[in-house]
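Shown below, as structure tokens, is a lone chain in the form predicted alone; questions about how it binds or moves come after it.
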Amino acid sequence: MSDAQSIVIAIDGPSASGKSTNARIISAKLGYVYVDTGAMYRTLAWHALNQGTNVTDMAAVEALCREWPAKLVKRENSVWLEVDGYFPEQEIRSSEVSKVVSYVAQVPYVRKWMKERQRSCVDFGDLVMEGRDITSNIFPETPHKFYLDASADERQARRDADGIEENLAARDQRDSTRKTAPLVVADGALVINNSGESPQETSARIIALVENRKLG
């Protein structure tokens, strides 16, 4: 299946902006395949920690990415990266991985490697893909581009409620200033601030916009 044949709903935004929650709801309601690109970077970060790789050493991370035994797999209605046939679903959400994933994600070769695999996800069907450069870099051609955001205090409260120790201000700074595919509001992306809004309300807004565009 080619890009032109697949519908791609692209959702970007900073940490704890509701990307994952809303993407899951939308994919379930529309019957689309859910792709969490952040989980892909987290899987590489987890693998790097397991291998004792210095995540601040770009050359070392690149070398690891060139050789790691990772494969895209569709599990139920989601696409993930498995390492040697294993998907570390719980491990990649640890505080340790959260603290280092942005270092792994800023390596140019890693982003190139990820982009190739993420664009190939259209082979699985219509997608709801979320991350930090989906609207700007992975699928800039899709008409269904959304940038989710919320107040800094609300996002930090969401992360704290998840029991994850993460300095969101520092993460935002690294994500928005990296040289390769930084976090930005892409041309044509609709910014949705969901502060004080339930995921059900936010996802309903996005679905309505997508359906209206498809009809148009």
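Since we're looking at a predicted model, the values are computed, not measured. One-based numbering along the sequence shown.
The form predicted together with a small molecule is left out here; the points below concern that form.
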{"item": "4.5 Å heavy atom contact, K145 and the small molecule in the predicted complex", "value": "no"}
{"item": "The small molecule contact at D149 in the predicted complex, heavy atom, 4.5 Å", "value": "no"}
{"item": "In the predicted complex, G188 touching the small molecule (heavy atom, 4.5 Å)", "value": "no"}
{"item": "In the predicted complex, Y41 touching the small molecule (heavy atom, 4.5 Å)", "value": "yes"}
{"item": "Per-stretch contact check against the small molecule in the predicted complex, the hit in 25-33, 170-178, 150-158, 57-65 (non-hydrogen atom, 4.5 angstroms)", "value": "170-178"}
